[in-house]
Every structure is written in C-alpha cells, then in structure tokens.
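Form predicted on its own, single chain, as structure tokens, below.
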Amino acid sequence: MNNKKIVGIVGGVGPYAGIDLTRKIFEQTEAKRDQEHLPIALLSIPQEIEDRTLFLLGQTSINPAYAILKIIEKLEEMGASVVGIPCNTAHTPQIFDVIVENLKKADSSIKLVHMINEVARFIQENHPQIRNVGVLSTTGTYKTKVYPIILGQKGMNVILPNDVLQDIIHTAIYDPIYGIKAQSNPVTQIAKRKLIEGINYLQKEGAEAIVLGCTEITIAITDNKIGKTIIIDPTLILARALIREVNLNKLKPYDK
C-alpha cells in the first residue's frame, strides 16, 4: 500500500467519530463509481488511547498524544500522506503540539490537518459575515479555550455555555448510561435534549453560528441550521480539508 495519496484517519477517538469522518469523506468526494473514491486507511485502537479530557483535567498523567502518534506512524507505514484526527479535544496544544513535535523529530512526511484551524478557515471563507460563534464541546476543550483563541484570531467572538450548562453538555457525551459515547447508534433522546438545551442557550446569547466542537455531538445533531442559526460541523470540515489536501479536483462544491 505504497500509495502516497491515501488518507489516514486516527480512529478510536471516539470509535464512531472515525466512522463518521470516513462516511463524510465519501459524501464530499466527486465519484461516480467505486474506483473514483479516494483510498482511506482508518485505524481504530481505542483501548490504547487515554481519554483526552481526563488528561486535560489532570485526572491522568498519560498524554494521549503518544498513543495517537503511534497510530499516525502506522498509517504512514501503510502509505498515508495526509492524516486527520476526528477529535476536537485532541487538537488542544497540550496534545496536538506534542504530536507535531514528535513527527518532526521522526522526520515524518505526514501532513497532519488541524481540525480547529480548518473550522476557523471555513467560517471565514464561507460565512464571512458571522462574528458571534457559539461552541459546544467536551469540558476538556472548554477548559483549554482552544476555540476562543483560534476563532478570536480571525476576529470572531466566541460564546460558551456557563459552567452549569457545560456540565450538562459534557454528561450528554460521557454519561455511561445515556451519553453518546455509550450509545452512538442510535443516540439517546436524553442526550439530544441536553444538547438542544445548550444550543438554545447559545442562541439566546446571540450566537449567529454554533460549532459542534465534539465529534460525538455531530453524530447526534445533524441539522445544517436550527432556526436562523448556522450549525458548523467540524467533522464535515475535516473531511473536506483531507480531500483538498489529497486531490482538490475530487472535492465537491460546498453546499451552503
């Protein structure tokens, strides 16, 4: 598999997020038959990757960057030239920068796409009128303020849930009974209700667009708009960025 145009996907963060990214790559690719689709290598080894939020909250000292790095190295051995990680929390500097640093030390030729940078680029290019952006995410992403920092650099004002509501959003993702990580297909109604509660709050606070800043949330909420609010799907954006990096001619036009 020495094809330098293979797209690599780090699976297992969470497992359904990797499947969702793969599906969206297929959906966003110009192809009329099997052979016209891009080759994709998805490697999902969830038991080896520590939970990203636990690490960021100081509840484990094991940085998941190193396990993710090993998977990227295996994907490169399989011929991948471009890699995406379908996990927003893994793009916080405490994790992502360690991966990048070690790839450089290993003299890797992998192009690692930064999901949150791509979200900022996407909003700026496709919705330049938007200034107030709400974000729903895990508590790990929330605490690091990675979205406010990156979107703020593009002139956007980021609106986040308050701490009480953030706990509600986090449990919609992580609860062992009804959370999306426990039940992804189908997602439970209680998890969806909690997420909608968060969306309603951000709308009332003036969000013109809302980023679903956790790849589990994009499994539960699939709307392009809710009311007048644009819903931003980082997994879809990552899928389009990966196609762009491999073969721009294969990328479908963005349907606003």
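Small disclaimer: the values here were computed from a predicted structure and weren't measured. The first residue of the shown sequence is 1; numbering continues from there.
The protein also exists as the form predicted together with a further copy of the same chain; that form is not presented, and the subsequent description refers to it.
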property	result
Contact test in the predicted complex: residue 223 vs a further copy of the same chain, heavy atoms, 4.5 Å	no
Touches a further copy of the same chain in the predicted complex: residue 205 (any heavy atom, 4.5 Å)	no
Partner proximity in the predicted complex: residue 247 to a further copy of the same chain, non-hydrogen atom cutoff 4.5 Å	no
is_contact(residue 74, a further copy of the same chain) in the predicted complex, heavy atom dist at most 4.5 Å	yes
Options 206-214, 47-55, 227-235, 187-195; stretch whose heavy atom lies within 4.5 Å of a further copy of the same chain in the predicted complex	47-55
In the predicted complex, the one of 182, 149, 106, 100 near a further copy of the same chain [non-hydrogen atom within 4.5 angstroms]	182
Sequence-ordered list of residues in 27-57 near a further copy of the same chain in the predicted complex, where near means a heavy atom within 4.5 Å	27, 31, 32, 34, 35, 37, 38, 39, 40, 41, 42, 43, 44, 45, 46, 47, 48, 49, 50, 51, 52
